[in-house]
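Presented below, as structure tokens, is a lone chain in the form predicted on its own.
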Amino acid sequence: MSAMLLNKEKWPDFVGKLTGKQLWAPQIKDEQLRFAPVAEGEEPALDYKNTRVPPKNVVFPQTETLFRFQVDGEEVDEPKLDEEVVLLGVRPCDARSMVIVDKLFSWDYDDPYYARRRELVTMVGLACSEPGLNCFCPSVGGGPASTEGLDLLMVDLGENYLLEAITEKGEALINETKELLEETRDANLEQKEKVINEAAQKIKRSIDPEGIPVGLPGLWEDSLWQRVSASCLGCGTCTFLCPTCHCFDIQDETEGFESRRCRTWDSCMFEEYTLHTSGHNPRPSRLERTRNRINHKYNYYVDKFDVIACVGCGRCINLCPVNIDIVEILKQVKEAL
């Protein structure tokens, strides 16, 4: 696949070319940095470490209508999913998270809503040159310039972006904007490697996951779960802002004779998540729910799909209101093994 150079002076024209499709990119919305549709003339905000909400909501919306129906009729109206989307400025950890979640949504049954949205998305990544304080992506198989899940990777070289096509979708995007691009030189490729290596050296946090997936079941009754869950509020921030969390609820909503079936994000950190109709709850306290969260990411998912369901983005650490730190939890797990 090809690599081209985009001078930053031509960046507005490059973005303008992409707005022919539905373009999503990081923007400040309601005083929060998140992925949102880019209108003509708007500028994506690429000078950031990571968005608060991961871009998973583009392919797995926080609330989505699966279909509408009449209470007294037989007609079913399904949403049309036919618009191509370009996701611009995706960090490598978030792109990799979608590859991990793909396994769940195409496991025993292909989820048609998720699958169709994924098919329509072109992922344009932005390599990290300044990783966040709590990033630990190399520990779980990623990196500041990982291409897994991406169609095209951009690397900031100062005056230029180096654009590297990873898939046919990425190659097509380069061809669509070729009039704005220049050929790369050996010096550009050398600079790219330097930027990536320097970024990797800036990542200070790490955890060796070796032995954790197989060792976690043996720690089921260990006192560490009481310690690490003691301050948890059960707010669900860690799961709602996690790019690999995928739990959802499905409900029917009716107003008059108009009804819809909708899917919304849910969280295993909520008490009612496992509450049975009988009133029994197998995870009655935050201890059980915290234990489940760690086991799900580092044991259950590994057993099922042979990959850790964590990309080391650091969101759950950065945004936890009581400073619960998954890296510190995993270190305690390692010590207890």
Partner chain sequence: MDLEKLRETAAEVVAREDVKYLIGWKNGSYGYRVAPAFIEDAEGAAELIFSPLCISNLSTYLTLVEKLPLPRGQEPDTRKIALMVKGCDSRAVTQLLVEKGIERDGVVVIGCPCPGMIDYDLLAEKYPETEGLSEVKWTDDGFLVIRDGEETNVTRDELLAEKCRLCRYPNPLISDIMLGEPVETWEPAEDKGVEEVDKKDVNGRWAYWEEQFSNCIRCYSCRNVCPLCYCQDCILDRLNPTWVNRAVNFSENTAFNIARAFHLAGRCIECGECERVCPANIPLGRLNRKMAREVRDKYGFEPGLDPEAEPFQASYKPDDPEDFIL
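These numbers come from a predicted model, not from an experiment. Positions refer to the first chain, counted from 1.
This protein has a second form, the form predicted in complex with the partner chain, left out of what is shown; the following refers to that one.
Among heavy atoms of Cys232, some come within 4.5 Å of the partner chain in the predicted complex. When contacts are judged by a 4.5 Å heavy atom cut-off, Phe270 counts as touching the partner chain in the predicted complex. Proximity of Asp30 to the partner chain in the predicted complex falls within the 4.5 Å heavy atom cutoff.
In the predicted complex, the partner chain stays beyond 4.5 Å of every heavy atom belonging to Gly41. This chain is displayed without the partner chain, yet in the predicted complex the stretch 224-232 from 207-215, 224-232, 180-188, 159-167 comes within 4.5 Å of it by heavy atoms. By the 4.5 Å heavy atom rule, the three marked residues Lys10, Lys56 and Asn197 all fail to count as contacting the partner chain in the predicted complex. Taking the partner chain as positioned in the predicted complex, the residues of 31-52 that bring a heavy atom within 4.5 Å of it are, in sequence order, Gln32, Arg34, Arg52.
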